[in-house]
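Next up: just one chain, as structure tokens, the form predicted alone.
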């Protein structure tokens, strides 16, 4: 099936009566949060979100019925998966860490490096139809997979409710629309940090977390330059944004040849731009729920937050042996703000306490985001 990238819904011939519409979605956003951008061709609706939730956890969407979106994006882990890198439905190794989907609705681009994926609709095509690596493996099996869904009366009913204007609502365009709609509801804004900053609760953060917050937002550590704003990342795009704030950085994780090389399986933004200066540059992820989304970095090569802090304190990572040996601190393409710093043991504990205050237990346990019963 040729999937229409425009993903537009037709509404009948001129002169026809207006088609029925699904009940619109009403945003219930955390205090201080702007409305997310929603592509006009895929307006939100309650029925679409409900369908997308079912599809997100639906293993029948994979070629061999072994995997779903939820297989690599677990709610309790902030919709990451706890693995360094995931494995596709048929065993293909995926070279990059499964990104947490926390507040994914506010991202200007998707995946670690692709600057051309500007919507969740476009991003969904990658795990569904991509072949190198193969994730869900839909390509070449479209009718087989749709047949599984059409054989389930519940899905026939849900697609009809979500896309009442469509003559044949159960198709992959609408699978993509529904998945994207559900993912836009993955909004986290009820952490202790949020209660303190946006809710005005002076007691929401411990004394240690407040000291850690001061460190985080200081010129001494420079963390906030890449991880600031409402979503704790410089990358942002909302309904009222005038431009997509893209944020790709080289943090000095590798320097294999002494000239800036990264492992060839995941070289960074250079894969799309061809510019050597973009080698090793990856999108700055949101730090919301960061305490539960490890392991860290684009390749999952850093196990703990303590290790992350140590790498930034050193101004990059020195890999001392193995095929990727090299001193990332001397990477010529490293961002100039990754300078290094010194922390006392007490300050490191305070910084960790602040990062833990970004955990939103309500988000991690919300039944409306979890697998349907």
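Positions refer to the first chain, counted from 1. These figures come from a predicted structure and were not determined experimentally.
There is another form of this protein, the form predicted together with a small molecule, and it is not shown here; the text below is about that form.
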| said: Check for me whether the small molecule, as it appears in the predicted complex, comes within 4.5 angstroms of all of 44, 53 and 184 - heavy atoms only. | reply: no
| Even though the small molecule is not shown here, does residue 282 get within 4.5 Å of it in the predicted complex, heavy atoms only? | yes
| query | Would residue 324 sit within 4.5 Å of the small molecule in the predicted complex, counting heavy atoms only? | reply | no
| Closest heavy atom of residue 112 to the small molecule in the predicted complex, within 4.5 Å or not? | yes
| Quick one: does residue 174 come within 4.5 Å of the small molecule in the predicted complex, counting heavy atoms only? | no
| said: Give me the residue from 170, 256, 158, 223 that has a heavy atom within 4.5 Å of the small molecule in the predicted complex. | reply: 223
| note | Of 190-198, 294-302, 139-147, 236-244, the segment with heavy atoms within 4.5 Å of the small molecule in the predicted complex is residues 294-302
